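Given as structure tokens, the chain that follows is alone and in the form predicted on its own.
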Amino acid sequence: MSVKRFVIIGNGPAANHAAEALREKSSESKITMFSKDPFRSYRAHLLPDFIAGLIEEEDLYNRPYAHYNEMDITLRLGQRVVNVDFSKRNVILDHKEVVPFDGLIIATGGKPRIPELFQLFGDIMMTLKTPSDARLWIQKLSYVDSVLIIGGDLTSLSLTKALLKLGKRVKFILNEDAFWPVPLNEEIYRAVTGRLEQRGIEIVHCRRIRRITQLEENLLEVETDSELIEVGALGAFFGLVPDVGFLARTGLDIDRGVLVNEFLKTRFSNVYAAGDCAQVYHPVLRDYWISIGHENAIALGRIAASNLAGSHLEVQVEPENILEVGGVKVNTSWWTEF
């Protein structure tokens, strides 16, 4: 195999499993992972348990530093890749360092999605994607007794459970964007709100939010088209979008994510994308689909690594498992029982 210097951008499940698969395929190659975050790989689904005080922060992390040493994988945390020069086969970091590669896997995952309607209030809306976000929630919840959740994704439901364990009063708004990228129809709306109300959560039935005002440091006023609400904190949960903005001018084909074929290969030689940041071509559908979810990310990460190492594995997804939402095709598991 000619490839000797592998670079992986990302540190989530797709990136880590890609790195481990590469090491299994090639014991001599140099493998370097770059992560913009200052912390090692963590279990995102456990963040609500950390907020609720059910686990310690160290329990979030699923790979000790020693693991990377044992696998001979260089993990560079807090190192943001800001550009990729595919003609020169280099990644460029924010501190101007240039790192050459022979093979590249882009596995940057997703970042919290804030619909355009709410972006004006982004600085006072709290999200939950990283351990840093969780620490902010813990700090905020030490001062407030009530929380308004706008959303409906898996993270928002898990966080709501944590808030109830902490004895907080929770109000919940679901709107047309709440379950993005899965469409929210009347049947699903009734089912979700019913389960929330059974837990003692107040549902705010409204069509739109007119205004959000910060009255005090720990007091917000939210005006909807149906009522006026005062709460201590506001959480925004509208799913994730691929974190690929830094690649927009690199020559990669990008739509909602990085466009790859059914083998996860981009238009550039020995460059692959995997996980939430990739849009994967489906030969049967003759269209691209987006992968969402932990298990999907693991599978795609390993396939990308195997193919970079010389295999020819095709991503296998049944067409009936792919939903179309607003012109975007998505492979995702539905929300779990609340």
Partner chain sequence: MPEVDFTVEVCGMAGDGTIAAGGLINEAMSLGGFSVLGFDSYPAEIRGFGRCVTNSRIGSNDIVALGEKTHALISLNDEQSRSRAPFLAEHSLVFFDSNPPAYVSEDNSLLSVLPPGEEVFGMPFGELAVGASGSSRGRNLTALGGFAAVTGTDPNLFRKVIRDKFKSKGEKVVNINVKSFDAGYQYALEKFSDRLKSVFPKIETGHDPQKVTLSGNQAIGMAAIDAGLKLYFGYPITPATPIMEYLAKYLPEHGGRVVQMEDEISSIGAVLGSFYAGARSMTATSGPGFALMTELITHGVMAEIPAVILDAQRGGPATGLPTKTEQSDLHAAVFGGPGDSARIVIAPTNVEECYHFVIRSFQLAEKYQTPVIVLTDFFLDNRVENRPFIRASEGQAASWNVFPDDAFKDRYQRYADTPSGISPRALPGMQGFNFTATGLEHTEKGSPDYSSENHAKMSEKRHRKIRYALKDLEKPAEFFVSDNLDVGVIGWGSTFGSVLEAVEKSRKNGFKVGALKITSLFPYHSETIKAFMAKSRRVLVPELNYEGQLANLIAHLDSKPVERLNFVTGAPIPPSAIQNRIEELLEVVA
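Fair warning: this is a prediction, and the values are worked out from it, not measured in the lab. Residue numbers count along the first chain shown, from 1.
Not on display, but discussed next: the form predicted in complex with its partner chain.
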property: Y65, G78 and V98 all contacting its partner chain in the predicted complex, non-hydrogen atom within 4.5 Å; result: yes
property: 4.5 Å heavy atom contact, D85 and its partner chain in the predicted complex; result: no
property: Close approach of G53 to its partner chain in the predicted complex, 4.5 Å, heavy atom; result: no
property: Contact flag, K4 vs its partner chain in the predicted complex, heavy atom cut 4.5 Å; result: no
property: P38, heavy atom within 4.5 angstroms of its partner chain in the predicted complex; result: yes
property: Candidate stretches 129-137, 191-199, 264-272, 249-257, one within 4.5 Å of its partner chain in the predicted complex by heavy atom; result: 129-137
property: Sole residue of E217, D94, D225, D72 within 4.5 Å of its partner chain in the predicted complex, by heavy atom; result: D94
